[in-house]
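Given next, in structure tokens, is a single chain: the form predicted alone.
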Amino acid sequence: MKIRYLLLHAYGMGGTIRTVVNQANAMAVAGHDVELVSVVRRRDRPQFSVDERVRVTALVDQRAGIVVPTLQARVARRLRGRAVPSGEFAIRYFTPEVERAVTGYLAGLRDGVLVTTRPGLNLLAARFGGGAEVRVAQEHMNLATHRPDVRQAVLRHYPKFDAVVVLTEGDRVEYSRALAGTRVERIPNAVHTLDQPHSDQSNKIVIAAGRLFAQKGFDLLLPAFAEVVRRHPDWQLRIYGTGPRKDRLREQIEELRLYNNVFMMGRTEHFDRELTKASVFVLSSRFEGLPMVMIEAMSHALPIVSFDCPTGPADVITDGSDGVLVPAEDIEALGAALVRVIADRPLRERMGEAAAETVRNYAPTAVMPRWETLFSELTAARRRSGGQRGH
């Protein structure tokens, strides 16, 4: 089976990139003809390991720099409209050059399965990707978190797909209701491996990770961790990730006098190693799709302390068993939960063991056959219909 994955930036970091690379690798191992298509390229090599059987191509090479349109060009473009709604969270990537490259690539497809992986790419594929035999849209966020113009475009164009795949049961219900008549499937992301060393709970380290954007809620985590420091001044919080909020978060660390306990670690190529060193993983997001970094932490037998944000944490964590869930954006509750888990090593060990058991549901061997079945069913249905879509 020929499968193409279209990613915005396959050479970058992030949960979506890692999970799509994992999926492409697993499909290549299973014997499929797999291509990973990166819309833009800003680095010499991918940050995540790509199986040698997966072909990696890029549509727009931006390693020499990014051409920023003039003010006149931006105004003219707004007046004539754009293919990707301005509310797309990654809209800064979708320059005129990038949109032309994507639509040109889509127009040249004649066969195989095309999997697109974020709203902007999904909408372009729905409108211009009719040459692919089967089109599948991946949605990594719940519908309500999309901005109004994106949500409106989703409702209008997603019915053109053969299937829309979401990460949680709540998302499946929501998208099915909104896209009546469209096949909506829930297939969670898979971890890249379960063969990870487990934390021995000896280090007084809490770890968090994600892009330094408002979504990840690190500004909420810092005052919560101030309560931890008040009770347990020998514990550290290490935050991994990069993004535009780095300077503001550093200022907040200074304001809260947490500079001896909270460290902005930036990017690392050895994150698995850092997870093994930690004793707790904390998720402070305002909203999620299915937080892959949290699931990876569980593969290292780390207990989870998390906001019960929409959506994802509650789909994975059983409160009190493999982690602790607290009300979304409740800083006081998050701090209290961290204090509770930090103060009780036997509790952390029990929760860590349960987390390592839970994560087996997200092993490649559990998840990838569901993708293969879906692709096979959609391909057979398309051929039976003579290539005609029902929308």
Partner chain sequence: MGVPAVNAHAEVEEIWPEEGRVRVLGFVHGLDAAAEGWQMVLSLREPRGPELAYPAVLSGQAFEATVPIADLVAPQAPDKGVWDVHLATGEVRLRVGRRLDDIRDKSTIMVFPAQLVPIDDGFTHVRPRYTVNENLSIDYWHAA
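Since we're looking at a predicted model, the values are computed, not measured. Numbering follows the first chain given and starts at 1.
This next part talks about the form predicted together with its partner chain, which is not shown.
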message: So in the predicted complex, is its partner chain close enough to residue 236 to count as touching (4.5 Å, heavy atoms)?
response: yes
message: I'd like to know if residue 247 sits close to its partner chain in the predicted complex, meaning any non-hydrogen atom pair within 4.5 angstroms.
response: no
- prompt: So, in the predicted complex, is residue 263 in contact with its partner chain at a 4.5 angstroms heavy atom limit?
  reply: yes
- prompt: Taking heavy atoms only, is residue 230 within 4.5 angstroms of its partner chain in the predicted complex?
  reply: no
- prompt: Of 257, 177, 92, 156, which one comes within 4.5 Å of its partner chain in the predicted complex, counting heavy atoms only?
  reply: 257
- line: Of 277, 286, 160, 186, the only residue with a heavy atom within 4.5 Å of its partner chain in the predicted complex is 277
- line: Of 207 to 215, 306 to 314, 178 to 186, 236 to 244, the segment with heavy atoms within 4.5 Å of its partner chain in the predicted complex is residues 236 to 244
